Ligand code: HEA
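Just one chain follows, in the form predicted on its own, and it is written as structure tokens.
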Amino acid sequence: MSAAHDDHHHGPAKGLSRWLFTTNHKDIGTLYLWFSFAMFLLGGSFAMVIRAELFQPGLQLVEPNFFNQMTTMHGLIMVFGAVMPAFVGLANWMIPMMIGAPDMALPRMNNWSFWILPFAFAMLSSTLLMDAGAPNFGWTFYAPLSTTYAPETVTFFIFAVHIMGASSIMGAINIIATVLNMRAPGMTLMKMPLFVWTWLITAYLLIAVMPVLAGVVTMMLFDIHFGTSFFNAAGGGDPVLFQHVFWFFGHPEVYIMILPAFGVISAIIPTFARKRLFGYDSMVYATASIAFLSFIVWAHHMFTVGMPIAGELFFMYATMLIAVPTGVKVFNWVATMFRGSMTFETPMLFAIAFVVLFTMGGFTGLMLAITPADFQYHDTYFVVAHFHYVLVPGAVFSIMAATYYWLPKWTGHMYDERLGKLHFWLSFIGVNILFFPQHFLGLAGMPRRIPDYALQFADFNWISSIGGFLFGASQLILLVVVIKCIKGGKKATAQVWDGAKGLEWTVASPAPYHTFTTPPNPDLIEAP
């Protein structure tokens, strides 16, 4: 059922009002995806400023304060404006179709939860044009830097965070209500596609932690405007309390950004390996375990604040433990590919890159989990390298993989495979040239969030910036591919992913096991 098919009940689509008032899950999914892509380009342009400044030692292009505004805005917009809304867009588009529901459970709320986002981010971005300047205290907005010493635009930032949080909570309630109440007859929970499972679990994480974020920014608001001292030691408060409350939100948040990615990859790899997913049940349990453990590891971001040794040991072991279910997933993806009849269309290339590079990010995370080692790595570029390996080839690549995988379903047209592969290879090469050298910078002691640096760091920074410009520029290819695909191209068949090789398109097939909706013709499958 294509998006075009759904327009009949709008009468003649009335341009703007169709998009403004739509309650159609596909329209809303499309709005989320376009919005997140716009934010991706905006947040990316801030990163380009950062990499341009760091291209060589010394202060070239921007004032240190503006550099700090760029790091803050880049982080906030990428996390809350690009990655999260993109996954919500994918959920809106695909979950009703995957579970056989006519739409989301709460369509009006769905519309509202999207339309408050552009206002939140317009408000946040507008601080760049104000006299006081944008927030300059980093995306983690540690107090007292974000309370006692913050520019007055911090109030706009707090309001924007509240709005984003409200949007996330509404989206999560909608997903839970849809999945629990609107599955087609016969679709038990353990027959749902893994993308639906990962999003169901993610939705519970969102509902658990978004109020914590709202709480911490409200405490900031009171410290700034109403004379309280939650985070002010002079008034009997504790700056470290801020870190505890923030990271109790922040650590589950990073899993909110990666669990839906696991669902996407678990849909794509079986398709192009032409095998059912290896270990479906263990994937569901692993996802649930990761979600549970994500709540008890928050202070591994805070090993250097002077915790009791028992606390450091607990958070070290808990953090190492979370690597186990994550490793189970990687093992299952590799086992799915093993001896499959693999082909390497663009979605599969992004998926394989995801598995390899996300695993690398996982290993550096394991290094950071070791408390005494973290004393050395903390606040260096090693941490930047680690979380960007998890978030860019992790979350962002999976969003791109999903886009290529589902574009034919969304538009009714095949995308340009040559351009798709070009986009993949430039992104893959760019992202590694960009972030791999940062591991060495961090191990050599280069601190994060500093616009100038010592001469010995010059070579790796030069290489890293070149990679950044390559990765940034190559994202424009994605824009071209998507627009070309919407406008036309080869008609997508019912067997989008290569009917000639007997592979049916599995997206809405009732169970994760039905990789083939019809038995393949063995004569047409290429011999290994």
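Residue indices: 1-based, along the sequence shown. In this text, all values refer to a predicted model and were calculated from it rather than measured experimentally.
Unshown form predicted together with this ligand; subsequent notes refer to it.
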query: Counting only non-hydrogen atoms and a 4.5 angstroms cut-off, does G365 reach this ligand in the predicted bound form?
result: yes
message: Test of understanding: in the predicted bound form, would G327 fall inside 4.5 Å of this ligand by heavy atoms?
response: yes
task: Would you check, heavy atoms only and a 4.5 Å threshold, whether K484 touches this ligand in the predicted bound form?
output: no
message: Residue-level contact is defined here as any heavy atom of the residue lying within 4.5 Å of this ligand in the predicted bound form; does T140 satisfy this criterion?
response: yes
V196, A351, V216, M78 - the one with a heavy atom within 4.5 Å of this ligand in the predicted bound form: M78
message: Between R274, R183, H439, H388, only one gets a heavy atom within 4.5 angstroms of this ligand in the predicted bound form; which residue is that?
response: H388
statement: Testing 221-229, 159-167, 315-323, 203-211 against this ligand in the predicted bound form with a 4.5 Å heavy atom criterion leaves exactly one stretch, namely 315-323
- prompt: Using a 4.5 Å heavy atom cut-off, are H25, A101 and H413 all in contact with this ligand in the predicted bound form?
  reply: no
- line: Across 410-447, the residues having a non-hydrogen atom within 4.5 Å of this ligand in the predicted bound form turn out to be L434, F435, Q438
